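First, one chain by itself in structure tokens, the form predicted on its own.
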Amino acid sequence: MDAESLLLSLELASGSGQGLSPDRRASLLTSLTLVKRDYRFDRVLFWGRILGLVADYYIAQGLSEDQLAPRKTLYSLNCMEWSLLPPATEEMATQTSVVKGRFMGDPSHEYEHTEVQKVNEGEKVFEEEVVVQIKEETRLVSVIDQIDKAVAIVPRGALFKTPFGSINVNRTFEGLSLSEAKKLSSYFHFKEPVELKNKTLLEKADMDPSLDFMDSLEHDIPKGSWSIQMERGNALVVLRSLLWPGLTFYHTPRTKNYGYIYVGTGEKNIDLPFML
């Protein structure tokens, strides 16, 4: 959700039962304005909150003028002091995939994981147990990246692709119509396309290259991983992810108000295919 319309956005997303206290809201409004100025971001998004056992991580993301350029991610424990997180890598994802359970809420906390490694001594091969230390900060980076790739979404038309290839905010976007807002095909993953490249020319024939340049939600796997609900007498559409419980996307049809927020434990629902 855009930091500039934070109070309205929190109100629209409050149907999921997650909110922020008045002092946290005031702190975020002030500190995110300073983050945008100090880091020279084009836009700042309040990404959400990852719940820890000791403390919670408040996450914000900074975007450049090109909306699909790599985003800078920051975290805070008190909504006032923000620390920049390093970019996510494949190595981080592999390393942290063995860590299960809740976050502690301490970035310096280290998880211990025992790995069995093969050691060669001459012609003999021995198996040796090695204890690997994994920092919680590394796990935080990896989980935010996974959630972004899987469930960060924008409505169709909110962004447009220029002839030069950059992705900009569409200033003429006036929201989806009520009928379009109820369809999964009207929403796109907020990331570089993956499935779009595999589509045939016939499938691309009805697409507008300046608007349909990202992957649609309608072909997400597993099928049924999104819940669409109309709230406030059809005045608000809310999408909730069943794959990453805690991700809520909201959009007021025929207005520019849209955004998403994640408030959860940072754990993926790996049992979802068996629950559908």
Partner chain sequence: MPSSFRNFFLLTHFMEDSTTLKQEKENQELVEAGQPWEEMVTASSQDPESGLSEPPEVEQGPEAGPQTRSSPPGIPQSGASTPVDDLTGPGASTPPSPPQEPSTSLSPLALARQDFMAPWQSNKTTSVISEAGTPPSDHLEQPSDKGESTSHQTCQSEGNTFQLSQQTKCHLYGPRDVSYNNSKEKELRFAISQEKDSNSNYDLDQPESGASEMAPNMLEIAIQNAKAYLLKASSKSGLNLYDHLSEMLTKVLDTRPENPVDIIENISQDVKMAHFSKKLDTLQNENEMLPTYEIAEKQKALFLQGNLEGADQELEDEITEHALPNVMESAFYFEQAGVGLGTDETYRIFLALKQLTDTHPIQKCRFWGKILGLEMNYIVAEVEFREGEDEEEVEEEDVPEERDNGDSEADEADEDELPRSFYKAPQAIPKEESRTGANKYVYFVCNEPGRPWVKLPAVTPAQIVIARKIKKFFTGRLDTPIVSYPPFPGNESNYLRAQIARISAGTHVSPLGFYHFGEEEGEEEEEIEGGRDSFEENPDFEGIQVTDLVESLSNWVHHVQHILPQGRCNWFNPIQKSEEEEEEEEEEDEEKEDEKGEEPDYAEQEVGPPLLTPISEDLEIQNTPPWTTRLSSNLIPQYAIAVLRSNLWPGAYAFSNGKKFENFYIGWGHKYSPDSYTPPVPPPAYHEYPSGPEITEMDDPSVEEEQAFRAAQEATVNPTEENEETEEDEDEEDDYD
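Numbering follows the first chain given and starts at 1. Remember, predicted model here, so these are calculated numbers, not experimental data.
The form predicted in complex with its partner chain exists for this protein as well; it is not shown, and the discussion that follows is about that form.
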- Item | its partner chain contact at Pro245 in the predicted bound form, heavy atom, 4.5 Å | yes
- Message: With a cut-off of 4.5 Å between heavy atoms, is Ser185 one of the residues that contacts its partner chain in the predicted bound form?
- Response: no
- Message: Residue-level question: is Arg171 within 4.5 Å of its partner chain in the predicted bound form, judged on heavy atoms?
- Response: yes
- Query: Any chance Lys100 has a heavy atom within 4.5 Å of its partner chain in the predicted bound form?
  - Reply: yes
- Proximity to its partner chain in the predicted bound form, single hit among Leu34, Leu29, Leu51, Ala69 (heavy atom within 4.5 Å): Leu51
- Judged by heavy atoms and a 4.5 Å cut-off, are Asp56, Asn234 and Arg240 together in contact with its partner chain in the predicted bound form? yes
- Query: Quick one: which of 38-46, 59-67, 213-221, 226-234 gets within 4.5 Å of its partner chain in the predicted bound form, going by heavy atoms?
  - Reply: 226-234
- Listed by sequence position, which residues of 246-275 have a non-hydrogen atom within 4.5 angstroms of its partner chain in the predicted bound form? Arg254, Glu267, Asn269, Ile270, Asp271, Leu272, Phe274, Met275
